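The chain below stands alone and is given in structure tokens; this is the form predicted on its own.
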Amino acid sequence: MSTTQPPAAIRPYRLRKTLSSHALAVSCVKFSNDGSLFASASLDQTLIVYSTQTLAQISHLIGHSDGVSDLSWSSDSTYICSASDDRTLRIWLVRTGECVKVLRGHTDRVFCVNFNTQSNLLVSGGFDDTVRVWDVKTGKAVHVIRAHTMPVTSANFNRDGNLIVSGSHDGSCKVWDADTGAWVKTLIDVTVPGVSFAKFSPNGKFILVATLDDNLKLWNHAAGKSMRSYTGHTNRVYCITPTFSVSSDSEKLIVSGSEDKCVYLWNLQGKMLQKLEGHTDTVISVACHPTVNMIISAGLEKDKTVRVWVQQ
């Protein structure tokens, strides 16, 4: 394990631990909102929840009949919703590992899912080219949006919960009204490259968009303008999910996995600060702890690990 040395701008991250609990590729990692737990999803059809402090396994969520592609935490860190190739979403009680609801309606693989801030709604996207908004209490779809002409790669609420951004292999990135399901605007509309990820910034003013041409861009969605680019990583094939690092004791960062098996860290201006090496396959997913400087990353089939990185 080695890391490319960063400029003096940030204290470098180093590997704290490698977790090898999944039997197949790890597809997603995310911290709970309070930072006390994190979870991983895998093509082995399960999710695993860990303690952030001890890195011990807390629960193993078993019930899907096909690979799990994504997960989202409720705001109170009590529930996880998972999206699976078995065409369902499941809501789990984290501490007990009990599945409390199964959401049915997608007619093909479900690829992405996210709670809104209030955690009364979920948004999902899938290979049936739709974006669906779900009522968490009833488990029923409130809106079925015929959003795209190819699989939906990501769907996320903004902080206020009134907007949804979606990205698709069809090359478009669109914004929707969460209350009505109506189209608001199209941010990007090209056929190539595909949009592999789109997510609102924590303050809701910007959208981070990844495209399958090794590019990450920060867009001002009100102005419809691309503000910053983040490059150096490799992303041509997989839907790699980048993220924002906004922990209080550090400058804000953009963090992304890469098909060259590394994790990349940039400052908001677009300067690459560090490259974390150690995974043995594509790093598909990264997550940053909400308050302390900790990063978790997930590796695909030849790797199958979750790695935990902390600042020195």
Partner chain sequence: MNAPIIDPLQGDFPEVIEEYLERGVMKCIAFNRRGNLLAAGCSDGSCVIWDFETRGIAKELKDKDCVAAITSVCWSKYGHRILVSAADKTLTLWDVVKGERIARIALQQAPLQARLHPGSSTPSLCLACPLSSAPMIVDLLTETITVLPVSLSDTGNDAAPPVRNKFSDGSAPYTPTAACFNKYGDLIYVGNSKGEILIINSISIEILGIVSVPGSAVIKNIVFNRSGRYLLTNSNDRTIRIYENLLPLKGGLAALGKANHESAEQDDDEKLKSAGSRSLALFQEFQDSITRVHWKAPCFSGDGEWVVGGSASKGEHKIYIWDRAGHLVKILEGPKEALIDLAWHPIKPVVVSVSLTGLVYIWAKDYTENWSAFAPDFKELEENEEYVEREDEFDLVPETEKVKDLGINEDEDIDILNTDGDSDFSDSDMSQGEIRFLPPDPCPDVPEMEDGLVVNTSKEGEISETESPLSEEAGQNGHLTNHESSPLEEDTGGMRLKRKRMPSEKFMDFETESIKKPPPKSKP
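Predicted model, so just to flag it, every value in this text is computed and none were measured. Numbering follows the first chain given and starts at 1.
The same protein has a further form, the form predicted in complex with the partner chain, not shown here; the description that follows concerns it.
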Thr96: touches the partner chain in the predicted bound form, heavy atom cutoff 4.5 angstroms: no
4.5 Å heavy atom contact, Gln269 to the partner chain in the predicted bound form: yes
In the predicted bound form, Ala223 touching the partner chain (heavy atom, 4.5 Å): yes
Any non-hydrogen atom of Thr234 within 4.5 angstroms of the partner chain in the predicted bound form: no
The partner chain: the contacting residue among Leu163, Cys239, Val209, Ala147 in the predicted bound form [heavy atom, 4.5 Å]: Ala147
Candidate site Arg87, Arg132 and Lys137: all three near the partner chain in the predicted bound form by heavy atom within 4.5 Å: yes
Within 4.5 Å of the partner chain in the predicted bound form: residues from 154 to 182 (heavy atom criterion): Arg159, Lys174, Asp179, Thr180, Gly181, Ala182
